[in-house]
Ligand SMILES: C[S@@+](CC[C@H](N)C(=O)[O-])C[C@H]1O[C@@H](n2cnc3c(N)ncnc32)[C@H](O)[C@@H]1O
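Encoded as structure tokens, the following chain is the form predicted on its own, with no partner shown.
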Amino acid sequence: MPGRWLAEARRDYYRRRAREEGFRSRAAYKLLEAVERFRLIRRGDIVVELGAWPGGMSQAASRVVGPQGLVIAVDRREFRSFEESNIVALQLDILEDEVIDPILDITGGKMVDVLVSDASPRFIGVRDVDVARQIELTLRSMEIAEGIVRRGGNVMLKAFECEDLREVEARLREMFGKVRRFIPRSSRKTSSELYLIGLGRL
């Protein structure tokens, strides 16, 4: 089994591309595609990423926002130091720790332009349990977004296809002018993950 996984990884175009282009993970391309399709992030933005380890998406965001922008990468795991000067790392568990105040301490109290959540639970292989844990993280990310995303700002939240997803989308529509489902080209074909895009906070 490990040998098969390694063989698949070697064939994985996005893994190879990430290594060649200096990204820590293939997740960078999920974010870059969302930027291209939805204008999710713009130059100079303040971006928060939840569940950011190992940092590929945060690196992609840092390139989009440029030196005038800021990316705050949040994860319960400790990050390897970033070379990018516009990335600040926070080691926090979004389900257990207070998250909003530490983020606003970094921004000087300024609300952020975009919140991205790529947070995933530790999967156990039981679909109902795994999906329930993922939805819990999606809802917690929405709660954090309510506290830090400015009016007119955007979100991108990882989720799984399930019965509860319509309810999550309905809540997002109360917060954002447009809500879209997004399945990146770089997602694994065997994955049921998708992202909810919320544009233009009301």
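For every residue, the number given is its place in the sequence shown, counted from 1. In this text the structure is predicted, and so the values were computed from the model without any measurement.
We do not show the form predicted together with this ligand, though everything after this point is about it.
For R77, a non-hydrogen atom is located within 4.5 Å of this ligand in the predicted bound form, even though that partner is not displayed.
Taking the partner from the other structure, this ligand in the predicted bound form has no heavy atom within 4.5 Å of any heavy atom of R63. The closest non-hydrogen atom of T107 lies beyond 4.5 Å of this ligand in the predicted bound form. In the predicted bound form, at least one heavy atom of G55 sits within 4.5 Å of this ligand.
Screening L137, V35, I148, L172 for any heavy atom within 4.5 Å of this ligand in the predicted bound form leaves a single hit, L137. Shown without its partner, this chain lists V131, M111, V88, I94 as candidates; in the predicted bound form, only I94 has a non-hydrogen atom within 4.5 angstroms of this ligand.
Note that among 39 to 47, 159 to 167, 63 to 71, 22 to 30, the stretch whose heavy atoms approach this ligand to within 4.5 Å in the predicted bound form is 22 to 30. Interface residues of 115 to 134, taken as those with a heavy atom within 4.5 Å of this ligand in the predicted bound form (partner not displayed): D118, A119, S120, in sequence order.
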